[in-house]
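The form predicted alone is given below as one chain in structure tokens.
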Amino acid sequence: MQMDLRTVSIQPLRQTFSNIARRFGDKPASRYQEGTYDFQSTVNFHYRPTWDPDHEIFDTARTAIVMADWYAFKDPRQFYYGAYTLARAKQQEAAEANLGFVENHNLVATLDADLRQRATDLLLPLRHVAWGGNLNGASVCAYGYGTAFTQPFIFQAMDHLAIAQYLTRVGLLLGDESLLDQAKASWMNDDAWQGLRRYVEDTFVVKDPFELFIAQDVALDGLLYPLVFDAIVNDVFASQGGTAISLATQFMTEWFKETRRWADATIKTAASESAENKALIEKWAGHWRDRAAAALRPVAQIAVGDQADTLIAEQVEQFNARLAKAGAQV
């Protein structure tokens, strides 16, 4: 018996979901597109929320930023839930390996006592800053509009929670549970931390979700992470024998480099929409940048003393250049 094999091409009736086809055409779509676009509820709101009767449950009027299409935003990382969790799982493995290496080889014992104390005083209270970032990310996700805009903020919220946990791990490597209690006392009472504490607590009552994005993810994160984890930990501490600290906090360094791309893309999209948006973003960015820089100065002094002013000035200059590239002059 002779068998003839042949290939039969079956043409699908449609390439993707109808809502994606209406936006991009009937062609194969990426998982990011199918998991992001046109998920925002827009109809069948039975009543306005009793706690905010001036707005619908999901309302573009909650922010002063005006967009013709809130799905104009695009995450350059292409993160939807699946891609995000896979990426973070790989990073968690690397972070756990770094922390395990530091612990198993007792690298903390090689640290100078003064350096160890400065690292403890600088890093552990930042757990509370990260917890504030968790709350703010959840807030923007809840009150923003359009999945393309809001979706990354729940990822940011969980990332800040992870950073708080990693800083806790660092604290346990540097000492014991009592260090965490001391760090909380410092956060609550020490003069060096009260400016940053006020900044974080003031962001909790910012109602405009886009302004909150500027205050948290652009201004505060944009100055804090390169200042603390790049300029201080990776440069100053490492040059003084603190390579173990740099290794234990590598996740924070890599995380900021990645999330900065998303924040810049979000600013660029909103600022290019209209002159009004651009002016508002520049106003917010300038205001919160100045507050963040002032709040971080006494924090940096904990670790580097008189060098703090120079490091802050460098970070502000880099911040301004970064936002200019994104289309906002501050």
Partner chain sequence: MDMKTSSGKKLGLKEKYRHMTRGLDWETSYQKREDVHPLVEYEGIKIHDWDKWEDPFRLTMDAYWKYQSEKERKLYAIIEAYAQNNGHLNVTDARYLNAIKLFLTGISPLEYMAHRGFAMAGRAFPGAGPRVACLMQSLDELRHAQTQIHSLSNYNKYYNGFHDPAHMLQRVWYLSVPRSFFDDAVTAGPFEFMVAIGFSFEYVLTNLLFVPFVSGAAYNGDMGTMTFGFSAQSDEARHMTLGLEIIKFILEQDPDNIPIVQRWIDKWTWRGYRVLTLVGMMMDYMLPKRIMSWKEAWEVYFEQNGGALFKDLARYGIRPPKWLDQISFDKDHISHQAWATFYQYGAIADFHTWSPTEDELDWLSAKYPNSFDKYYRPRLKFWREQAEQGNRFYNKTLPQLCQTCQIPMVFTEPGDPTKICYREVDYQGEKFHFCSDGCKEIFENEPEKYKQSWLPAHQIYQGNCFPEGTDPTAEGFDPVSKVLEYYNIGFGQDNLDFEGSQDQKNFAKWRGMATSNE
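If you're wondering where the values come from, they're calculated on a predicted model, not measured in any experiment. Numbering follows the first chain given and starts at 1.
Heads up, the form predicted together with its partner chain isn't pictured, but that's what we're talking about next.
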{"property": "Interface segment, criterion being heavy atoms within 4.5 Å of its partner chain in the predicted complex, picked from 233-241, 177-185, 214-222, 256-264", "result": "177-185"}
{"property": "Exercise: G82 in contact with its partner chain in the predicted complex, heavy atom 4.5 Å", "result": "yes"}
{"property": "Distance check, F101 to its partner chain in the predicted complex, heavy atom within 4.5 Å", "result": "no"}
{"property": "Partner proximity in the predicted complex: T120 to its partner chain, non-hydrogen atom cutoff 4.5 Å", "result": "no"}
{"property": "Distance check, R77 to its partner chain in the predicted complex, heavy atom within 4.5 Å", "result": "no"}
{"property": "Contact test, all of F45, A89 and M158, partner its partner chain in the predicted complex, heavy atom 4.5 Å", "result": "yes"}
{"property": "In the predicted complex, the residue from A72, L173, L115, L107 that sits within 4.5 Å of its partner chain by heavy atoms", "result": "L173"}
{"property": "Residues in 188-213 close to its partner chain in the predicted complex, defined by a heavy atom within 4.5 Å, in order", "result": "M188, Q194, R197, R198, V200, E201, D202, F204, V205, K207"}
